[in-house]
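Just the one chain here, the form predicted alone, laid out as structure tokens.
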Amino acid sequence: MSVPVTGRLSADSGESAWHAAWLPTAAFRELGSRPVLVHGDGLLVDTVLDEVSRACARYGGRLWHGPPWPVDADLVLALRGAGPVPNAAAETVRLGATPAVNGTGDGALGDEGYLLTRASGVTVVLADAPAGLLYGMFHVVRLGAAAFHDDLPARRHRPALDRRMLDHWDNVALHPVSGQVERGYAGGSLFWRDGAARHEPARLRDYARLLAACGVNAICVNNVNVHDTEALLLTDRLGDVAEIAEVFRPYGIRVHLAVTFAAPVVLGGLPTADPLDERVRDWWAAATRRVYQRIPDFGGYLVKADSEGRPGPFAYGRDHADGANLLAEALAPHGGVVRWRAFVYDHHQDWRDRSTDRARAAHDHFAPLDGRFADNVIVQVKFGPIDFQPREPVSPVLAAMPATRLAVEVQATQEYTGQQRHVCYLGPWWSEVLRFRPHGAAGDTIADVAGAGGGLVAVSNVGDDPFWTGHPLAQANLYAFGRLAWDPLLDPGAILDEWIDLTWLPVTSGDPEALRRTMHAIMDDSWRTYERYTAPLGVGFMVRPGHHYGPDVDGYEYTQWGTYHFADRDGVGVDRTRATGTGFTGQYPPPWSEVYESRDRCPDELLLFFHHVPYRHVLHSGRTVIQHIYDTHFAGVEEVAAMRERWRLLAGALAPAVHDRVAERLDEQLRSAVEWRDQINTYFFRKSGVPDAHGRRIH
């Protein structure tokens, strides 16, 4: 689809053919219309200069780069270590900030932090390193006019999490089942096409800008399910990875590579990949040296092993710590990390065996290994114990491994939340996860766990679609991920405001306040709306097998992948209690082990995840389980219909291509929500025999 959307003006190619997302040229108006001084040098400072130069060329501002004479600037972006700033107000700020930072250390800015203030009519951004200056510049863009109107007290900004990473599940070669992007709902890969690199640096550069502007600093460029062609990226096709890294480097983003654990056999011709075999260790050391010779700032490896058929250390009688430490040893001399996914479970289960519980698997595998992983191993844990469902409890693994660096993995690509055909703003859900305290009110949050060295990771929702994410409103999930990774305590509603103000208000031809109100009305509660018309009360996985789109209540119920709802004539839900079920509740520390164990204390939204209950069981809300199912599914459809009507009223306020794409997706969302409502309600009416108290039509 050829879409006439607002793109970035480049010196050599004119307007781009893809949506500018949260960096439309108009977002730079306030910065670009003023005299700006940039003070300091470095690769990322050059990026700041490029961004400011383009903005000033468009909007009539003026740019100086460290002149030897004093300049009267409205905005100063300065590296403190570059010496005196040739602007009196900014130099006063620099001198005033230095004792606090260099004296006690309480005001340290770090490699990515910055100080922002406005005093004596000058807005000043100070940083200790070029990355901080880049992030500070994008903060000025976020603030817009507010960065220049009134005095702003000096405030230090530093990322709470050092590692803020996107995992692309992109295949180099077109896969017969998963296509060019596994679980990708926005077209093909930005990096690869039909077995080759795309070699499209202009679009990758714009993508890197978007990521840096919301705080992402790391990326994996290929699928965790490493197939034959993708395996070659480590050796024969390393030049393609180096080319990508060259584009992302000026935006402070380090490239990582997913590798197969069997690489010594597949690529090296060895008879074994045993992690304790000296030949295998030597092979990985040599391969890794070659990677760093080509990509000096390479981030490290991502590994999915002994999971869903991928090779791993189990074949040699070893465990996950043995496997991860093998790669960690190869990476350690170069400063790299290995990210070892904890998504490991038996995918050949017998549905008849009620003692088998997929939710237990990650904890069973990894908790006993705590303390055995090398310092540069990061165990990457899905936020919930199953698989990115619309509602799950937080994974108990995140509370069980205090001696291991853990990363929290979320899924921006909406595999189980509407596949970017449905509006589903996930910021509120991720915020709940990051604020959760597994050890109770006095304990650490999940954000604290991630901040101990592992960071936050999202499975990317981006493809080569002109709107990046297929659904233009799904861009908000990518933006929210970056901002929450920078500061997990940010309010998701405020993040949505930022995204709206950057993405849509600069390009609307209508009333900005009406547009903002409409966006919030559609998106604020959209995750809970999706939950209402899909799987109820935490039960999950009522999707069509394989592609996972649309309802199929029993689709996975009798398969090798696991059993998820156990609905019968008497009730519904999975008994995961210690007393009578799988014992999963015992993997949590107090107080949650006791809360989840108790049918009476368990939160309503997770009741069916932990308990098998009668249909007439009364929830804390006062409704029975069966009436809750009926009511929420009818309500969810009504809410989607209201979304669609609200969006219709914006016709003419946005570019037709944007409005039409969202309208098309909302039509599909409404059709799908009706299908979900009718199938779920009919299924449970036939199971329970209990009619709807309000007499609505159930088929």
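Being a predicted model, the structure only gives us computed values, none of them experimental. Numbering starts at 1 and follows the sequence shown.
Only in words, not in the display: the form predicted in complex with a further copy of the same chain, which the text now covers.
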property: Heavy atom within 4.5 Å of a further copy of the same chain in the model of the complex - the one residue of V674, L49, A657, A653 that qualifies; result: V674
property: Candidate from P512, G121, P545, G443 lying within 4.5 Å of a further copy of the same chain in the model of the complex - any heavy atom; result: P545
property: is_contact(G555, a further copy of the same chain) in the model of the complex, heavy atom dist at most 4.5 Å; result: yes
property: Residue contact check: H348 to a further copy of the same chain in the model of the complex, 4.5 Å heavy atom; result: no
property: Distance check, R354 to a further copy of the same chain in the model of the complex, heavy atom within 4.5 Å; result: yes
property: Proximity of H699 to a further copy of the same chain in the model of the complex, heavy atoms at 4.5 Å; result: yes
property: Option from 207-215, 547-555, 478-486, 603-611 whose residues, in the model of the complex, bring a heavy atom within 4.5 Å of a further copy of the same chain; result: 547-555
property: Within 673-692, the residues that have a heavy atom no more than 4.5 Å from a further copy of the same chain in the model of the complex; result: V674, E675, D678, Q679, T682, Y683, R686, K687, S688, G689
